[in-house]
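Presented as structure tokens, the chain that follows is alone, the form predicted alone.
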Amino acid sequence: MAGTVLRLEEVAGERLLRAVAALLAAKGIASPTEITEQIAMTDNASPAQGARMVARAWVDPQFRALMLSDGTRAAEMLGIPMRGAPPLGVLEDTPDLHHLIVCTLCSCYPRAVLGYPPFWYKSGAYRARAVRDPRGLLAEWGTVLDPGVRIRVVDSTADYRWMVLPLRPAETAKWNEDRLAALVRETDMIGVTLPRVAGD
């Protein structure tokens, strides 16, 4: 019985989705292609998308340059649909500069390339600590930076979303792109952690 009810709800939901899509198309608000792209973007949204971008940037200097100048175009070059999403900016960590992403107003997040924001990213405590005491916040994540490393806190907004291109671990010099992508975590691309090889 429960399975039948769930299936009926799925069918009703699918009908509603088709009806809304037809209405949007009829009113010229969104074409069927745009709707399909948005659904695909939602379905495929995952930190694995951002990790692919980071890994490609680590092995391909031309892609890295594109990613830093136009994150949206770089994502689309890897087949990640970005139509309708706010522009994507990418911040490169260096040996003396570390980036930390926060949304001080709510939970703006580059969902197309990182998926849905983790619960803690949306919390008032994270947002306040990131601005007030970023070094202390990072230490709680186990990310202890040398005192000489500057921390730049960057606010993600409804108009512009950000992700971090972290430093590549030195011991991965001979790794291929797939292996590198598997190393990169969502938290590395927000800036609360650093990519680490297992055992470090």
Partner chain sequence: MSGSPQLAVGSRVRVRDDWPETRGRVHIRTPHYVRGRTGTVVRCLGDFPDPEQLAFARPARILPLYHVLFEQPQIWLEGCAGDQLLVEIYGSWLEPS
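Numbering follows the first chain given and starts at 1. Bear in mind the structure is a predicted one, so any value in this text is a computation, not a measurement.
Another form, the form predicted together with its partner chain, is not on view; read the next lines as being about it.
Peer 1: Does Leu114 reach its partner chain in the predicted complex, with heavy atoms at most 4.5 Å apart?
Peer 2: No, Leu114 stays farther than 4.5 Å from its partner chain in the predicted complex.
Peer 1: With a 4.5 Å heavy atom cut-off, would you call Arg150 a contact of its partner chain in the predicted complex?
Peer 2: Because a heavy atom of Arg150 falls inside 4.5 Å of its partner chain in the predicted complex, the answer is yes.
Peer 1: Look up in the predicted complex whether Pro134 has a non-hydrogen atom within 4.5 angstroms of its partner chain, and give yes or no.
Peer 2: Taking the distances in the predicted complex, the answer for Pro134 is yes, it comes within 4.5 Å of its partner chain.
Peer 1: Quick one: does Ala74 come within 4.5 Å of its partner chain in the predicted complex, counting heavy atoms only?
Peer 2: Ala74: no contact with its partner chain in the predicted complex.
Peer 1: Quick one: of Tyr160, Trp175, Phe63, Trp141, which gets a non-hydrogen atom within 4.5 angstroms of its partner chain in the predicted complex?
Peer 2: It is Tyr160.
Peer 1: If contact means any heavy atom within 4.5 Å, which of 152-160, 167-175, 49-57, 22-30 contacts its partner chain in the predicted complex?
Peer 2: Among the candidates, contact is made by 152-160.
Peer 1: For 76-105: residues with a non-hydrogen atom within 4.5 angstroms of its partner chain in the predicted complex?
Peer 2: Going through 76-105 in order - heavy atoms within 4.5 Å of its partner chain in the predicted complex - the hits are Pro87, Leu91, Thr104, Leu105.
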